[in-house]
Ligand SMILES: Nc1ncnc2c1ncn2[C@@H]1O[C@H](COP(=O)(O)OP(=O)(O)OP(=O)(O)O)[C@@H](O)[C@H]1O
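Just one chain is shown here, as structure tokens, and it is the form predicted alone.
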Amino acid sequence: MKPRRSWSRVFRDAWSGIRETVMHERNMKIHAAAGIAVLIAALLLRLPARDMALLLLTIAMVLTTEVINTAIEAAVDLAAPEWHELAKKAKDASAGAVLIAAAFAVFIGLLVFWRPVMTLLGL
């Protein structure tokens, strides 16, 4: 039986996984940059706390699905280095989860930003 890891080790390993994903996955960089841009825009528009919370939750959803997608792709590549229909299915499904999260994030962003942007533009 493997020895139990300390809580500090558990958190270090988790941060390592996040850092590796941000450093090496192009789509994670894109999602993180978009999330930062959204938060800056929300601060500049002085959105209410409820809207900020919704945006933060949405950004977290997209980033989380991207990390999970990366983990699934790595595990599938390790288990099936050669092309396999089930490996493709797993990788496509995990990429699809990211697509769903990102699409809903755009929709939520439109709902949250529509009125403040129209007001700013005087429309």
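For clarity, every value in this text was computed on a predicted model and none was experimentally measured. Numbering starts at 1 and follows the sequence shown.
Separately, the form predicted in complex with the named molecule exists; it is not shown, and the next lines address it.
S.K.: Among 37, 71, 80, 56, which has at least one heavy atom within 4.5 Å of the named molecule in the model of the complex?
M.R.: Contact check passes for 80.
S.K.: How about residue 87: is it within 4.5 Å of the named molecule in the model of the complex, going by heavy atoms?
M.R.: Residue 87: yes, in contact with the named molecule in the model of the complex.
S.K.: With the cut-off set at 4.5 Å between non-hydrogen atoms, does residue 64 touch the named molecule in the model of the complex?
M.R.: Residue 64: no, not in contact with the named molecule in the model of the complex.
S.K.: Need the contact residues for 12-45: heavy atom within 4.5 Å of the named molecule in the model of the complex, sequence order, or none if there are none.
M.R.: The stretch touches the partner through 25, 27.
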